[in-house]
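Shown here is one chain on its own, the form predicted on its own, set out as C-alpha cells.
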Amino acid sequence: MTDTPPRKLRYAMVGGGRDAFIGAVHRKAMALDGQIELVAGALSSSPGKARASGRDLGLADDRNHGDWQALLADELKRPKGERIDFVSIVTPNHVHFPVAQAFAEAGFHVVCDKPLVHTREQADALVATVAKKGTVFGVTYNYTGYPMVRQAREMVRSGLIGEVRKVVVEYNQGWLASHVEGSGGNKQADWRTDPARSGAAGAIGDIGSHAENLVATVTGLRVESLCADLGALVPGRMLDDDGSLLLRFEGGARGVLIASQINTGLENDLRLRVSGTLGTLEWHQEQPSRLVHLPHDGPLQVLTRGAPWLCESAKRASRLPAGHPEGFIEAFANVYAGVAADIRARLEGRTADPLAADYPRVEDGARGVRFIERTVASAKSELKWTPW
C-alpha cells in the first residue's frame, strides 16, 4: 500500500498578464516547489489582453476570463471539488480592494500584493471579512521569505542582541531618478506615480511599506509616533519619490526609515540594522545569504544561509546547500509555501504547523496601510511628531 501524494493546489490570478512585471514573478515563485498550479485567470483590465495573456499561459478557454467578475462568477458555479483553492491578486493598487473583498466574501482564500489597499477603512473591512469567513489571506511582503531575515527574527526574539534600542532601515532604488512616466515606454512607472492607481503615496507606498514590514517582522516593535519628510524631487511628479522618517517605538526604541527611488545608479538596495543592548544585526538584500552579528563581547560573526546551526525557520526556508545562491524568487516562494501549508491544513481539518505556515497575514497588510496614511499625514503636518 502506498501513500497518495497530495494534489496540487489550484489558483487563479487577477492581473499579471502581458507586459506586467510582478505577475510573472508570482507565477515563477508558485511553480518553484511543484505544489501549486495556475488553472484560471483574468489577467488584465483589458478583456482582449486578458484572454490573450491566458492563452500565452495555456489556460483552458472556459477558465480564461476577460474580467475578474466573470472569473469569480464562474468559480462559484463550479462544483467545490473543481474550484480554485485561492486567488492571487497582482494588479495595480487601486484594484486590490474590490477583488480581494469579493473573493474573501465568497469564501475563497486570497493572496494579495502590497500595499494591501488604498485606505484604512478598506483595510479594516478586509480584516473583518477574513475574520468572519475564517479564510486564509496572505500579503506578499516577499522579503520576509529570506532565510536570513527569519534567522534575524529568531535572534531578536531569543534575546541574543538584548533589548532593541535602535533600528535603521533603508530601501534605495534609482529607477525613477528621471521623469520616465508618461512616455509610453514604462508601464510600471506610469501607474506607480499616478495617485488614482497607486494611492496617496509613491515611494513610501511602493517600497517604504516593505521597509516598515521588514522592521516589524524582525523586531516585533510597534510604532508609537513618527516624523516624516516626503518629496517629489523629480519635477512634474505627482507622488513622493523620496522619503525620510524618524520613528519612535513603544517601549522607547528609536528608528530611522528611508525609502527613495531617485538614488541614481542604485538598484534594489534594501538594508536593515537592528541594535540592542548586547549587539547588532545587519542584513542587506543584495547579499541576502549573509547576516552579520556584532556582539558587544566578542568578534564580528558572519552567518550564512544553509548552515546547520541556523534556526529551524531559516533552515526550512532554504532549498539548496550552503554556497549555492538563492534569492528573490525563492523568498517569494517561501511566502507562498506558508500560504499553501495553511490552506492544506484547513483542507485536511487540522491546525497548520506554525513553522510551515509562516507568511504575512491580512493584519500585516492593514498595518502597512496605516503606516502609509500616518506617514503622508506627518509629511503634511507642521507638528514634529504624528501619533500612530
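As the structure is a computational prediction, the values presented were derived from the model and not from experiment. Numbering starts at 1 and runs along the sequence shown.
Just so it is clear, the following notes concern the form predicted in complex with another copy of the chain, a form of the same protein that is not shown.
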Verify the flagged residues Asn186, Arg316 and Ala356 against another copy of the chain in the predicted complex: is each one within 4.5 Å by a non-hydrogen atom?
no
Would you please decide whether Asp342 lies within 4.5 angstroms of another copy of the chain in the predicted complex, comparing each non-hydrogen atom pair?
no
So, Ala60 and another copy of the chain: in the predicted complex, are they within 4.5 Å at any heavy atom pair?
no
In the predicted complex, is there a heavy atom of another copy of the chain that lies within 4.5 Å of any heavy atom of Thr219, even though the partner is absent here?
no
Can you work out whether Ala73 and another copy of the chain are in contact in the predicted complex, taking contact to mean some heavy atom pair no more than 4.5 Å apart?
no
Using a 4.5 Å heavy atom cut-off, which stretch among 260-268, 74-82, 111-119, 96-104 contacts another copy of the chain in the predicted complex?
260-268
Looking at Val223, Leu272, Leu230, Ala201 here, can you tell me which has any non-hydrogen atom within 4.5 angstroms of another copy of the chain in the predicted complex?
Leu230
Identify which of Val256, Cys311, Val127, Leu160 has a heavy atom within 4.5 Å of another copy of the chain in the predicted complex; exactly one of them does.
Val256
Are there residues in 290-325 with a heavy atom within 4.5 Å of another copy of the chain in the predicted complex, and which are they, in order?
Leu294, Pro295, His296, Asp297, Gly298, Pro299, Leu300, Gln301, Val302, Leu303, Thr304, Trp309, Arg319, Leu320, Pro321, Ala322, Gly323, His324, Pro325
